[in-house]
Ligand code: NAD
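Just one chain follows, in the form predicted on its own, and it is written as structure tokens.
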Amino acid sequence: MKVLIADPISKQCRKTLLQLPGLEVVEETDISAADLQDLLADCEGLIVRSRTKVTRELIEAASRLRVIGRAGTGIDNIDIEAATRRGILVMNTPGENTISAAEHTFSLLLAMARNIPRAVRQVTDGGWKDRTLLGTEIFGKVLGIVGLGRIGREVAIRGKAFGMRVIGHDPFLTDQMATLVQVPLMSLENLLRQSDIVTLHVPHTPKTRHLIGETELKLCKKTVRFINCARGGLIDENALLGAIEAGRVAGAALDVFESEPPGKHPLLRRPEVIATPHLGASTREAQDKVAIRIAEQIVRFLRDGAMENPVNALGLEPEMLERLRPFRWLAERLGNLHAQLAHERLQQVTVEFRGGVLDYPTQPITAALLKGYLEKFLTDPVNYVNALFLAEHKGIQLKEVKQREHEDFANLITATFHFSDRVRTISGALLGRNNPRIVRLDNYYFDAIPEGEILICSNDDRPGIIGKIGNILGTARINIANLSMGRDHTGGRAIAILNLDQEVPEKIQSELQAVEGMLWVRRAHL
């Protein structure tokens, strides 16, 4: 296997990756997009920071790529939808640069309050202090934090330590976490009206683009100062420039910009503005931590399938993966069997979980079921990363039902597939820890092994039919490894599921179909 490191990163990344035997690591950190595409042709993994743009074209050309690692938090340089569609896992390292980003935020806050950059320039130019360098104390001032994630919470701790009154806005923060943070929450409008300093710590999304614009700036005190160490584009830079020129904003400290580098934007020529070149995570400690962390995550994914800090999948630790393994194995085969029995247009899938399986996350099991179904129809790769995504984009409605107990089975998974003109239900159970069985097909009940060559025969419930099936298979020298039967009522209809040691040729299937009383015959391979 091969992993490409495409951006400058701590040497600890390569060192950690090489702990996986047989893994080749290539570092090319200053190449064109075309060269990067060529290099990725035989790579399973890609590690980037913020410089490399992982575009749809790049992703679609990387036929062997399985995982993209972002050494840091922001993922706006990666086309997540394109990666998910291809079944490529995207993971980042949230939290590893939290302290560095919080400290840089507070460094800018203090530097802005005391005019430190202008004071340095004045002294180095041979001058001395004058009235333009008069600063302001931050003690007792109101610090408004927009976004109370890891970094925002660390900034809050430092603000309180300096005697500031801290308020916050975060529509996604749970009540429980808000209580733990001990920061009064309010609307963005109220925060802007009250704050002396506003600092932003939210991701850049279509909803947060220009979160602070002309309308929002008009709500603020004339003494307000803004800090942005999160992502460029959260503040409308032209609106901010106009507010500073009009005396409605006292200052700003910016570490990120809408275009990076920002060039000669007139905002940078204002004495009220401090600018740094995206240094939020630029400490030795943070760089080592994100490098080691992303390398460890890549290694564990390539070696064990563990998904840690995934952006486009549900994260699972190796221990949980192992516990889920038999459930996912069973669910995947239930989906696969559905696909081989029906070819109508699928409209909805209902997955019902009962018993001890509810002690575990069910989404990975549902993804396995859909993987098993979809991979029979799609030419593009289908895996645990993109199965839910592909189902949604094909218009398949998904529903999960959870019931605590079942009278017959300790762990039961039932998949009901709603087609345009019929409904088919298949149930699977774990008998013990690693003994999966098919226990139901529509209204018929079985004890069938979901593995290998399978023959399913539906017939009138009359004497002699099973004997004829056995005779035809025996004549063709096809051995029956296991036979399980179910019927609706005596003399009604029956279904037999046969596990076979050999594949059934079409000729033999046609011969079975011709047996008097036979309704239908299907072959499957699991």
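Every value quoted in this text rests on a predicted model; they were computed, and no experiment measured them. The first residue of the shown sequence is 1; numbering continues from there.
Just so it is clear, the following notes concern the form predicted in complex with the ligand, a form of the same protein that is not shown.
Margin query: Considering non-hydrogen atoms and a 4.5 Å limit, does the ligand approach Arg225 in the predicted complex?
Written below: Heavy-atom contact with the ligand at 4.5 Å: absent for Arg225.
Checklist line | Partner contact for Leu302 in the predicted complex: the ligand, 4.5 angstroms, heavy atom | finding: Close contact is absent here: in the predicted complex, Leu302 is far from the ligand, nothing within 4.5 Å, heavy atoms only.
Margin query: Please tell me whether any heavy atom belonging to Pro171 falls inside 4.5 Å of a heavy atom of the ligand, as the geometry stands in the predicted complex.
Written below: Yes, Pro171 is a contact residue.
Check: Does the ligand come within 4.5 Å of any heavy atom of Asn190 in the predicted complex?
Finding: No.
Margin query: I need to confirm a contact call. Of Gly280, Gly372, Gly159, Gly144, which residue comes within 4.5 Å of the ligand in the predicted complex, counting heavy atoms only?
Written below: Of the candidates Gly280, Gly372, Gly159, Gly144, Gly280 is the one lying within 4.5 Å of the ligand in the predicted complex.
Check: Since exactly one of Asn411, Thr73, Thr84, Ser427 fits, which has a heavy atom within 4.5 Å of the ligand in the predicted complex?
Finding: Checked against the cut-off, the match is Thr73.
Notebook entry, point to check: Can we say Gly149, Leu211 and Arg231 each have a non-hydrogen atom within 4.5 Å of the ligand in the predicted complex?
Noted result: Checked in the predicted complex: all three residues contact the ligand.
Item checked: Partner-proximal stretch of 118 to 126, 352 to 360, 248 to 256, 330 to 338 relative to the ligand in the predicted complex, 4.5 angstroms, heavy atom -> Result of the contact check: 248 to 256.
Margin query: Heavy atom within 4.5 Å of the ligand in the predicted complex: which residues of 193 to 213 meet that condition, in order?
Written below: Contacting residues: His201, Val202, Pro203, His204, Thr208, Leu211.
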